[in-house]
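So this first bit is one chain, no partners, the form predicted alone, shown in C-alpha cells.
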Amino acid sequence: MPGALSHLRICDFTGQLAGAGATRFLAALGAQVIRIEDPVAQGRWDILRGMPPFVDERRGVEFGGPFNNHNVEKLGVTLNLRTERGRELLRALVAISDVVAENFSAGVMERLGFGYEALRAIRGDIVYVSNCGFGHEGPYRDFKTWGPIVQAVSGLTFSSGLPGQPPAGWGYSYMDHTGGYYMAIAILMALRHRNRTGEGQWVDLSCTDAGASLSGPALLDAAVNGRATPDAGAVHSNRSRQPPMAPHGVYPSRGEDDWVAIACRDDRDWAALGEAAGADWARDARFAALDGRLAAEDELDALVAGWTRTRDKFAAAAALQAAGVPAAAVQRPQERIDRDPNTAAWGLWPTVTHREMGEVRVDGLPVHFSETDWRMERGGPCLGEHNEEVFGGLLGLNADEIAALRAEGVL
C-alpha cells in the first residue's frame, strides 16, 4: 500500500539526530527523502556515520549503528557543491522537490549559495525548513549548540536532579531527538499550508526555544509568581509535587542496579501498597493520610526501598499492579526488546537490510495507521549508494555522464 507521504520528495541536508530524525519519520511514511552528502568530507560531518554500536568488528563511515537507525528508507547521494556542476545538479534536484530540510548552524546554507531566496528562485513554492540551536533571529543566532547545551540553556537540565546533587540532565542529547519531532511537525504544517494556498515558505526552527517550551510550569511560575527558580531543595525528579503524591519514586530492587517505579496517587493506593507489602510500617498511623506521608517522605522512601530491595523488580511490579497500584520495572534496553511481549505485538523494532551490515534492528514509530501505515525495510544509505538512481533515474544522466562526474570529483 502506498505511504501517506508517497507524493512528496525531500531534498535532505540533515544529519546527526535533530535533523535526520525528522526526515526519518517522513521517509517511513512514504516520502522520497534524498540525503545529500559531501563526497570530499566522506561522511565526517555526520559523526553518527562512524559511531557505535557496531554489528561486528568492522568500523568506518558505513558501519555506524546510529546513522543507520536515523536514516532508514532514505536515498543517499554525494554532491560536491564546491563545483559549478555540483551546484547545477542541486538546482535541478531542488526544482523537482517539495521540501529542502537542513540542520546546519545558522548561515551555512547561505554560504553554500542555497539560502531561502536562492531556493525560492529555483522553485517558487519550495518549503525550506531549517533547524539550528537558536534560529536565524536574535543575538544568539551565530552561536552553535549541541543537544546537552540546548538542554542547559533552555532550562531543562536544572529540572532533573536529586536534592544536594548537581542537575542530572535529561540524558544523552534529549533535545536532539525532541528537536527532530518538532521539525517533522513543522515540515508537515508548511506543506499543509502549501496544499491550501500554493504558497511555500521558510520555516525557521530554534531547538533551544523548543526545549524552553517543555518547561511550561517553571516558566509560568516565574512569570506569574515571580519565582525565578524552584524553592531551595525542591528539585527532586523522582517525586511528584503537582499533584502531590507519596510514595512516588524509583526504588532499588534485588540485583545489580535494578529498580522499580511506584506511584501512589492517593490514600487508596497507599492502602493497597500496604496490603501487598504486608509490612508493619504500612500500618503506621502517621502514613495513613497524604499530609503525613509528605511530611515524612524521606523516611517513607527508605521503608519502601527496604521492601523492594529484597524482591525481583518484575515480581514487585506485578504484585503492586495486581493490587491496583501503578508500578513498573525499570527496564534496560535489552529487557524491553527481548522480554516485553508488547514489543513483538507492536512491531516497534523492525529489521531493515543495510547494504554492508546486513539485517539490523532499528527504532520503529510508536504509531500505526489502519490505511497508510509506516514501513521500514531499507537500511540507511552508504555514501553515494543511490547516485545512479537519483542522477540517472530522476535527472536523466546516462551512465557515462555519471562516471565522468565521479571521476571529476563532482559526485
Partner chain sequence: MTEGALEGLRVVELCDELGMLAGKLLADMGADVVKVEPPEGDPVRAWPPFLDDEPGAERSLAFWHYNTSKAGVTLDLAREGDRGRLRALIARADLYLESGAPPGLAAAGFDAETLRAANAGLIVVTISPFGRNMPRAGEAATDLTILAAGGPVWNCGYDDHALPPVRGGGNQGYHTASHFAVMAALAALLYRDETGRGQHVDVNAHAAANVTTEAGTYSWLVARQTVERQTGRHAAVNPSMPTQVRCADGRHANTGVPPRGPAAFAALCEWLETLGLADEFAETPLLEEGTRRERFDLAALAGDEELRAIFGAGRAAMNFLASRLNAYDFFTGGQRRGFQVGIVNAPGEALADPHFIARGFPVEVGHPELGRSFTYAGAPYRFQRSPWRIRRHAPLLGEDNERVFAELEG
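Numbering follows the first chain given and starts at 1. The structure presented is a predicted model; accordingly, all values stated were derived computationally and were not measured.
The same protein also has a form predicted together with its partner chain, omitted here; what follows describes it.
Think of it this way: in the predicted bound form, its partner chain has a heavy atom of just one of Y182, W307, W281, F104 within 4.5 Å, and the residue is Y182.
Contact with its partner chain in the predicted bound form, judged by any heavy atom within 4.5 Å, is made by just one of R311, R85, H136, R91: H136. Taking the partner from elsewhere, A95 is found to have every heavy atom lying beyond 4.5 Å of its partner chain in the predicted bound form. Its partner chain in the predicted bound form comes within 4.5 Å of a heavy atom belonging to T208. By the criterion of a heavy atom within 4.5 Å, V410 is excluded from the residues contacting its partner chain in the predicted bound form. Taking the partner from the other structure, its partner chain in the predicted bound form has a heavy atom within 4.5 Å of a heavy atom of T178. Heavy atoms within 4.5 Å of its partner chain in the predicted bound form map, among the stretches 107-115, 329-337, 76-84, 298-306, onto 329-337 alone. Counting a residue when any of its non-hydrogen atoms is within 4.5 Å of its partner chain in the predicted bound form, the hits in 17-39 run L17, F25, L29.
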